[in-house]
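Consider the single chain below, provided in structure tokens and representing the form predicted on its own.
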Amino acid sequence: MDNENSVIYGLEFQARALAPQLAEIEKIKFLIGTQSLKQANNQIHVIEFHEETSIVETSVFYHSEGEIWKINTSPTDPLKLATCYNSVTGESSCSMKTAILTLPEIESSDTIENLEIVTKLDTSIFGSDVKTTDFHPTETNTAVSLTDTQLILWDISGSEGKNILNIPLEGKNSPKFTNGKWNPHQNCSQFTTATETHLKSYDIRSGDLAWSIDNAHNQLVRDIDYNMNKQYHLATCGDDAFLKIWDFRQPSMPVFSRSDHSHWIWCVRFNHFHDQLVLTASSDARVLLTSTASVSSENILETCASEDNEELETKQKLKDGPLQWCEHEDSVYCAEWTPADPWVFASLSYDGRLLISHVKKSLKYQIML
């Protein structure tokens, strides 16, 4: 694709849930969940992007359980996904719920089918607010749900999730979980949580605390992402508008820290292949692509001769800092890389606008050559 401009896809409803189809590595696919106040109107859009033609192909399914706050897809089954949704339970009450669903085979493009719940996850006894449900990176029948006060490990092989382990959040002043993510390293045995301004990682084999970082941010931590290429590195972002990268073996201070947004950062994502490329999405209506080359696995220093050819100096192939950005017209809650192409990413703003963007060719060549 020669055109470096973003491709725009617009939804009828507001939206804040976006996920790449992790198990699909041949096609560029993203899932979007809507937030309509009319419960039965909510939808999940499966977006397939054809890079050669810049055409977006869409399949739409009803998610009549309620407005979608979070989507995660299975890394082993391309048809499975987990949603966290706000469901109306009475005339003047609603509650957050979560479930495992499956995408149906599309028989006709004229009718919109309803998504089928394949595994119900009853979190009502564990907390009032479900933050995320995340599939295990390698085990098909294992998932974790995070409520405001509990981490719940599930067996999702049947129609009803079986609770294997639950870990209550302990601490003074009634702390609450805000988000969580599997650690893809350490034999995938740790689940890392954001707990207000702190990070806590739990060993799901024993329920014990594996490690923690206190006061990782000055304000609420919104998101976490692991570097797939450096096993001790993870990125965090939060309401203090900082992007930080940590080596959790050295919790006293981050190895990388920048503040290039002017408002809260809701999402942070390492590139799956080139970990010096990091996406951040913010309610300042911008998505930034930032270079973190100095702490990446590709921290290669070039040796350059000066003009008189007598002295040699070293310089980084890619300088740290913002490389490019995407402008939205509303708060951006999600930005995601596709596992099918290291140079394509998508971002979703609250007004229901999806942008599918490319890393600029000049940056791509700078990294590759």
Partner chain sequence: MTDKKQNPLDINGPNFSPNMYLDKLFKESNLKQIMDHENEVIKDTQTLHSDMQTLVYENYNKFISATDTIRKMKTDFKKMETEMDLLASNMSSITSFSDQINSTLHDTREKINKLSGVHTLLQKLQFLFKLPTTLKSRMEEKNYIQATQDYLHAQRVLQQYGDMPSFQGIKSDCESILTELKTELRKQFANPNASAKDLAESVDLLLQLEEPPKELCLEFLSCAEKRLSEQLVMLKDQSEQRDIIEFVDLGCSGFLSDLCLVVASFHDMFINRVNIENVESSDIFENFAAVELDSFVKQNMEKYFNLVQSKVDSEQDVGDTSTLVQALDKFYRRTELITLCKDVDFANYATDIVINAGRKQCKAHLQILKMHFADMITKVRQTLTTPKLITQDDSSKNLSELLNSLIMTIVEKIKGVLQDLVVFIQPDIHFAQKSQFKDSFCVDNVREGLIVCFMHHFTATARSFCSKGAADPKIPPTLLLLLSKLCLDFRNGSVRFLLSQTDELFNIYPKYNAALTNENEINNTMQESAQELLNYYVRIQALNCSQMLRKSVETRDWLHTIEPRTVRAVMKRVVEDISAIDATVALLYEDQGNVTEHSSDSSRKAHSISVSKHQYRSNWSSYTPNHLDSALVSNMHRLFSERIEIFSSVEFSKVSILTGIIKISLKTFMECVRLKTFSKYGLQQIQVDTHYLQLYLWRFVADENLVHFLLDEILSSAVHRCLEPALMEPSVVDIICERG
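Predicted model, so just to flag it, every value in this text is computed and none were measured. Numbering follows the first chain given and starts at 1.
Another form, the form predicted in complex with the partner chain, is not on view; read the next lines as being about it.
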### Query
Is every one of 44, 139 and 344 within 4.5 Å of the partner chain in the predicted complex, counting heavy atoms?
no
### Query
Which of these stretches, 65-73, 45-53, 334-342, 25-33, has heavy atoms within 4.5 Å of the partner chain in the predicted complex?
65-73
### Task
Heavy atom within 4.5 Å of the partner chain in the predicted complex: which of 225, 240, 247, 148 fits that? Just give me the one.
240
#### Entry: Candidate from 266, 182, 154, 270 lying within 4.5 Å of the partner chain in the predicted complex - any heavy atom
266
### Query
Quick one: is residue 286 in contact with the partner chain in the predicted complex, heavy atoms, 4.5 Å cut-off?
yes
### Message
Please tell me whether any heavy atom belonging to residue 9 falls inside 4.5 Å of a heavy atom of the partner chain, as the geometry stands in the predicted complex.
### Response
no
### Message
Under a 4.5 Å heavy atom criterion, is residue 124 part of the interface with the partner chain in the predicted complex?
### Response
no
### Query
Is residue 111 a contact residue for the partner chain in the predicted complex, using a 4.5 Å heavy atom cut-off?
no
## Note on the structure
Within 321-341, the residues having any heavy atom within 4.5 Å of the partner chain in the predicted complex are 327, 328, 329, 330, 331, 333
